[in-house]
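Take a look at this single chain, the form predicted alone, given in structure tokens.
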Amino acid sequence: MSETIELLNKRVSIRKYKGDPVPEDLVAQILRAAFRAPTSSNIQSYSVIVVDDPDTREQLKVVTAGQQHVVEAPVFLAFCADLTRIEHVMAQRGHTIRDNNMEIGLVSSIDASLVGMAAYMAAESVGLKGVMIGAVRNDAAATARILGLPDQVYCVFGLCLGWADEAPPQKPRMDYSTMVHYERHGTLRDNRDLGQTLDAYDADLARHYTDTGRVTTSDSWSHDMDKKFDPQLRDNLRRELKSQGFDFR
């Protein structure tokens, strides 16, 4: 058992933080380490915005449906897909990436996500805790305005970090045998049936929510997924990202 595996096995999302500040040089160390994350073809198509200004945080809170920890966390980092450096060197050579396709949008988003997870784990390794904020994409155009993002940059997600002031119980995940397939998709160990494994997870999650005082249904996960994606989530996102120079066509 390595320290990294132990950190991942114990990981929970933290939304309440002590008032103690996080030193700026510690944030810099975390990000410098995170920038060693894998990057496709060394394009390094990401940027990170450290957001301290209270007014900016309040505006981001509105976009993220009132998540108070966006304002109160000692550290808020915005992880962005960023094509501006690639555009700069291509323009010098008489080319452009402005008419980009789905591939570069995916690659830059994955690059930013790898760096974000690396930063999360680096922070965990020094005792900081956090939570990812995907809700910055509730209105990608508004988030871009708030953060002053130019064309060819969009915020993939945010990350709150701080010293934990809570220790919530760990939410159960689906059984390993549900997630791991062998040779071809659908070939599960022990020939397990997908419906049965999801029923079992519904029951596990329902027990967790009930034990923590949250109202739920007996088919907890299945019910939540159906409710979350019908109607479709963030249906304007493709148009908003195109306005930022990312054409996921």
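All residue numbers refer to positions in the sequence shown, first residue = 1. In this text, all values refer to a predicted model and were calculated from it rather than measured experimentally.
Not pictured, yet referred to below: the form predicted in complex with a small molecule.
Asker: Where, among 87 to 95, 169 to 177, 73 to 81, 139 to 147, do residues come within 4.5 Å of the small molecule in the model of the complex by heavy atom distance?
Answerer: Heavy-atom contact with the partner occurs in 169 to 177.
Asker: Is N236 part of the interface with the small molecule in the model of the complex - any heavy atom within 4.5 Å?
Answerer: Looking in the model of the complex, residue contacts with the small molecule do not include N236, since no heavy atom lies within 4.5 Å.
Asker: Is there a non-hydrogen atom of I133 within 4.5 angstroms of a non-hydrogen atom of the small molecule in the model of the complex?
Answerer: Yes.
Asker: I'd like to know whether H69 contacts the small molecule in the model of the complex, with contact meaning heavy atoms within 4.5 angstroms.
Answerer: Contact with the small molecule, yes.
Asker: For R11, is any heavy atom within 4.5 Å of the small molecule in the model of the complex, or not?
Answerer: It does: once the small molecule is placed as it appears in the model of the complex, R11 has a heavy atom within 4.5 Å of it.
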